[in-house]
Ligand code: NIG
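The chain below stands alone and is given in structure tokens; this is the form predicted on its own.
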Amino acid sequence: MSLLGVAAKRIVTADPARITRENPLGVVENAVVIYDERSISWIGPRGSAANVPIVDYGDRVITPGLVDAHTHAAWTGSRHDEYALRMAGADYRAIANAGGGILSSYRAIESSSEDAIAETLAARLGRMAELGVTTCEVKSGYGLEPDGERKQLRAIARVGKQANLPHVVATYLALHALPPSAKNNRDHYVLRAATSLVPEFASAKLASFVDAYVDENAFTVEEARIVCESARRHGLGVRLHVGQFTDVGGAQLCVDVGARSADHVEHIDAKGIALLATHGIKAVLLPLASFTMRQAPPPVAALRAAGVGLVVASDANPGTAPSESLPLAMALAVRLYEMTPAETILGATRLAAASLGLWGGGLSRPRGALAPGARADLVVWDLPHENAILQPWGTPKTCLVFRDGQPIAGANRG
């Protein structure tokens, strides 16, 4: 495995070893990243890397590959009609109660083949790679019935084997909505997920995490607890949708079941924030969803003040966040959530990777930052500064996107 290098005016490392109060992203100026197919070996001054072929990208900026830590990207079909209704003032929960929302996507998955789901997901991830994404969490949760969930997770696993796409972290979204068959047998639905499907998907290595939608009109804390405890018994991690519409105690549940992340948290009280902070649980913020849903932002200032790690993700889904663009979510995080550029970039790189178990804890070849020993997931941007990434371009601004040292996207690929 031969060493190669890429150089630029600014290299954003997001490496804790380089971060200071004055340099919150660990930026190294006029530098080069030396890497091979396995990992990064060195980052330092442009002129100090002798005998290594280097491509110099001039006055551009290089960052870690973006990590999208919350998506529902394995969907098929379209919910454009619902979007138009919501923009005209219709309530999301009223649409769902009338058979739309998640149930609409359930019907689309039910009528799609595994091949069709895989092809759609692969194309979507390819477009996300063009936007700088090198790692993407992908949930099931539109299958609802066992066969549908199997179909979604098998499709996700197939796509996850493709080295020319972002690295995939699969999540079994066990409790998303009740299918029509379970309307009169809710307890059985929850127990089947916990006692049958979680063990099955863990054994088949079809998921790394289990998720549940915990909210007033979704699933209760106790229902989610049953599934999450099963996940832990079978070696799977937990991440949870909590507090999107109502705070029903999801933060305490996150603590009780050892969740890595609490996602949405538009509604969370001071006690919940303190719990997340004390237990190191990341808050995954989804500004595209709250923008589309016309919701007030989460209490970002309070989360920040408490020391909660802030992650920014796209929530890519066909209903409430119909976008594949993590950079757009980042732009909205700065504009609508009043996050700083530095915390937004960290929230879409190293902290996002940490929420997925891909950074920290003595991991071999972690993702999410540019540091010796980390995987060579990096983006050369056709931009002069990292802050320019946070402008709402509406178009890819990548020169080259590398996953594990190999180019997978970008205007200069090939």
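Residue positions are given as counts along the sequence shown, with the first one as 1. This is a predicted model, so every value here is computed, not measured.
A second form of this protein, the form predicted in complex with the ligand, is not displayed here; the remarks below concern that form.
With a 4.5 Å cutoff on heavy atoms, His70 counts as touching the ligand in the predicted complex. Mapping the unseen interface onto this chain, Thr292 falls outside it, with no heavy atom inside 4.5 Å of the ligand in the predicted complex. In the predicted complex, Ile226 stays away from the ligand, with no heavy atom inside 4.5 Å. Proximity of Thr134 to the ligand in the predicted complex falls outside the 4.5 Å heavy atom cutoff. Stretch 241-249 is the answer when you ask which of 241-249, 188-196, 160-168, 324-332 has residues with heavy atoms within 4.5 Å of the ligand in the predicted complex. Note on contacts: among His267, Arg79, Lys282, Arg124, the single residue with a heavy atom within 4.5 Å of the ligand in the predicted complex is Arg79.
Proximity to the ligand in the predicted complex, taken as a non-hydrogen atom within 4.5 angstroms, holds for one residue of Pro287, Gly272, Gly143, Gly319, which is Gly319.
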